[in-house]
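First structure 1, then structure 2: two forms of the same chain, each alone, as structure tokens.
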Structure 1
């Protein structure tokens, strides 16, 4: 009987093991399916963006660029003074006065004046555009349509993502519009956000993890920090509008420092936007820094204290160096969220059309996400093309910033 009972127990344990393995295979399949779905979604997103960033376009100029040549010298090779003369001769006096008001012609470079001629004199117009798939598979149909509907237009295969697109300013004509001002605005705002939120967030995390006692007040603070990490970004925009734009507008506009005219300046500047994004990502940095600090073994703290070091010396010499990799990882995630935000910046006052590059923290601004949003709501198809192109630029910028942060983190971690 005992032998039969043992044999029955052995058979039952084998069956249980088989069921456990079967459940494990099911769970593994679910994980693999979830990963596959995520990869498919990302690939479809990327292909959609690429599809709309290239293709044929029917382009028609209001003025032939060759007619603006001086003594046989093409437009792009003319001097700054020659370009300024052509611009003034071919636009209305009111429009030229507006250019002078935005930025005096004498202070503009030749490339900037050339862009103004392209936009307001040559004025290329995309009559119709086709995505990459249609351009590759339906070229004959496109040529027939061109001959019937746009006989005076020129069929061009355009790469909406190019160096001119990156270096050019905003324009009402999608054919010559660029994202230079938006890129500079994004870099300015994200830099201010990092310089504000990183030291404040790490300092708060060190206090909460290493110094704060487990009492009612500190538990309330910790709970609120966790809750703030999930607050919608538009709420932070309202907070930034109330505090940085209105309450501290004299400082964020530069009036208090003599950097702006009090009659025209307001707090809707890069500084307000950067501080708002800094507040937005602050809870994320605090939480990630706390987790990184918590992962440091207590034996290191006890060893430092046992050798006579103060609490601060132990934190500075042992805890922070061993948690820096995790802290920087959290900062990378925070930057990734901040650089793609649009809603709080719209509330703060991000311009959707601005042609003057930001030259300091008190300048007007726009950002890449805000620019993409503004282009996607336009009815013209060409604006959708440059919105896709700007999305590629934003992805490249985000990857470049993240790669730089990862390299610095790994390099610093190896030194430790």
Structure 2
């Protein structure tokens, strides 16, 4: 489309101009549509997760909880000793002995015994679950289907994500499984990752911005950091497997410190996972911190040096305090990426099934995203429901982190 038409004169006709503007409007609407697609996908993504987190389920109980009620008092409000009696009466002696062995019943609290009753006595099983959309629009069909296929089961409208879900431990029954172990695992690994990578990353950024001369070695370091930021996360998983799990297995499993138990001696521990995530976010933290330090005006440094402060004193008293907001914001963004990372943790061996809360860096681990992955790849429908519920929990966690980052940025960024 040439602006000047070959008409013998250089005057464009009204129609041609109109055509050009019409084309502009058409393409503009294409652009707007394309932009809108991103928004639509985000909405659909959230709806898909929400849709799978709620809905009707056909639940079949092994024992009706109402039949366990004592003197008309429902199970939830019974005392600990009453619950213990019910538990003993309804499970086999061997199983009860195992509970006693794991932790004496006398030391357990009422909530714990209630969980045991839920899992082993009532043992609810979801025969089939429907998503929120179907539950709202096709309730009649669901009722018909229920009567035909599961006459004994009870139709319940379940919110898969609820307080019990966040609070309870992992289980092989989706209806009582929770993400507590996974959340604790995520928090442990992330803490270790931050503990390692934040000081090192900020120090490296200070070196590159404030100390490094423009020579060959420093240019190599800078290029190298930029390249490391582009390495796929799964490669870090392989690195962690080879180095932290295998080569330094004695340290990461705690054997070297005499802190290990036999179950974790293979190095697939929280410590290995945390260090791997730390290495993974290190380049991101360095790059973000560099940007923040770059934004500190030079006049501040010159003032510090001019008053006779040494270079480190200038950095410590002027550069760092004035860039701390940017450093924190960048680090939080890096950390929220680390929280969502799954692949490296699966490679270094997130456990598929643990019911014990992690109690230190040498415990076995699973994390929230790893748990979502394991539930997603299971074929049973109810596991997809709890995978969606766990995704909601993860998104809320990330949202909280990002909100913190924004608050921090707004609070500190006005000081300059």
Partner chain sequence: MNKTYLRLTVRKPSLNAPIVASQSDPNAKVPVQQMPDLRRRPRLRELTINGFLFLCGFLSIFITFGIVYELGKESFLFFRNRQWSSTNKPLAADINPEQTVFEVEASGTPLQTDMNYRIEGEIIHIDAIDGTSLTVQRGFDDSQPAAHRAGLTLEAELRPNLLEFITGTEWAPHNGKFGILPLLTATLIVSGVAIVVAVPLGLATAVYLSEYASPRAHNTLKPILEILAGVPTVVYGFFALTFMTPLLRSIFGADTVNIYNMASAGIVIGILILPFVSTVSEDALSAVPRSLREASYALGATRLETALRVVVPAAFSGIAAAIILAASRAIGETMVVAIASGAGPNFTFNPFEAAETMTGHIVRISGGDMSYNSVDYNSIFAVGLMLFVMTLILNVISQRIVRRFREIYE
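Numbering follows the first chain given and starts at 1. These figures come from a predicted structure and were not determined experimentally. Rigid core (definition): largest C-alpha set, two forms, superposition within 1.5 Å.
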Output row: form predicted together with the partner chain located in structure 2
Spell out whether the Cα of residue 317 moves at least 2 Å between the two structures when the two forms are superposed on their rigid core. no
query = residue 89: with the rigid core matched between the two structures, does its Cα shift 2 Å or more?
reply = yes
task = Align on the rigid core first; then say whether the Cα of residue 38 has moved by at least 2 Å between the two structures.
result = yes
Superposed on rigid core, residue 118 CA travels between the two structures a distance in Å of 3.0
In Å, the rigid core superposition gives a C-alpha shift for residue 102 between the two structures of 7.0
